[in-house]
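Just the one chain here, the form predicted on its own, laid out as structure tokens.
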Amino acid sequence: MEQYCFGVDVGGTGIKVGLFDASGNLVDKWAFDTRKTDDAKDIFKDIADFINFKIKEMKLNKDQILGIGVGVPGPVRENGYIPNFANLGKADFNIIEELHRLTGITVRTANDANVAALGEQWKGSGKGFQSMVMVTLGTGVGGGVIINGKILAGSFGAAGEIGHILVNPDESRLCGCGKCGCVEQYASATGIVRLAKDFLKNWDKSTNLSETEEISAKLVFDLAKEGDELALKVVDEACRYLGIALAQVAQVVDPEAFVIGGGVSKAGDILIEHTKKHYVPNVMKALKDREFLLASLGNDAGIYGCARLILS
């Protein structure tokens, strides 16, 4: 009798669900909107209803389902307890207990950035490395640390918050986390746009950045690839802060490789080259020769990592 598992990646706007066979092959995947109410338990009722429906629709029985792996935004403890759910309603309950009650299936859970890292380590660009760090560059900067094939979650599920490493003690503007000078303020998509606008204020040379009212991180990287001097300066500054942050991470966890994902990573090799350029002089000699890779699983990294929670 063939066996399967579900990987469920819970996001602020949507929920992605993947069905995997016991060998880790993706059989099918779906997505539906995240329901926002005052009680985050409603989200897990929706997930349970969806999984129960799919099991019935595909004429499976629950003995064939090895488990459900779930990735959630915010810190979550290994036992399944989640103290809060950012922008997704009241939490303060146990995800494992709640979803098991609704489905009768074994459940495991972890932070969404951590499961994305686990997915890349298992089936993506990090395949072949037992210890790696993933950093995701999107609206913010997320991160996940994998050591000996396992997520480094920390005592309360909050490890791997790479985006909030201090890289500029002179910064006066607040980060969303409540302090100042985080790498997220410079290397995220929003941070790159802010850097560009800051540099434009004192830029008296020709640049295509001044010819548009709508600056985006993609535009900055595209112009940098074309040789625009200001765009190159912005890219290099963002990557300088990222390289410094990853050097600090390396000196704590000693990974074999760094995998960079998120929307900004679509910029490609220019991002890797400039980040490594600033990583090398800021890290101890024994850690200089580390692999820097672009993530390859895209938006599916989370569901792969969730499946790995069950199939590990």
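Computed from a predicted structure; not experimentally measured. The numbering used is simple: start at 1 and walk along the sequence shown.
Another form exists, predicted together with a further copy of the same chain; not displayed. Remarks below refer to it.
Contact check for I15, A22 and L66: none of the three has a heavy atom within 4.5 Å of a further copy of the same chain in the predicted complex. Although the partner is absent here, S216 sits far enough away that none of its heavy atoms falls within 4.5 Å of a further copy of the same chain in the predicted complex.
Contact check for G140: every heavy atom lies farther than 4.5 Å from a further copy of the same chain in the predicted complex. The closest heavy atom approach of D204 to a further copy of the same chain in the predicted complex falls outside 4.5 Å.
The shortest heavy atom separation between K123 and a further copy of the same chain in the predicted complex exceeds 4.5 Å.
Only one segment in the set 260-268, 53-61, 283-291, 35-43 has residues whose heavy atoms sit within 4.5 Å of a further copy of the same chain in the predicted complex; it is 283-291. For the candidate set L102, A158, L200, V193, a heavy atom within 4.5 Å of a further copy of the same chain in the predicted complex is found for exactly one residue, namely A158. Using a 4.5 Å cut-off on any heavy atom, the residues of 121-152 that reach a further copy of the same chain in the predicted complex are, in sequence order, S131, V145, I147, L152.
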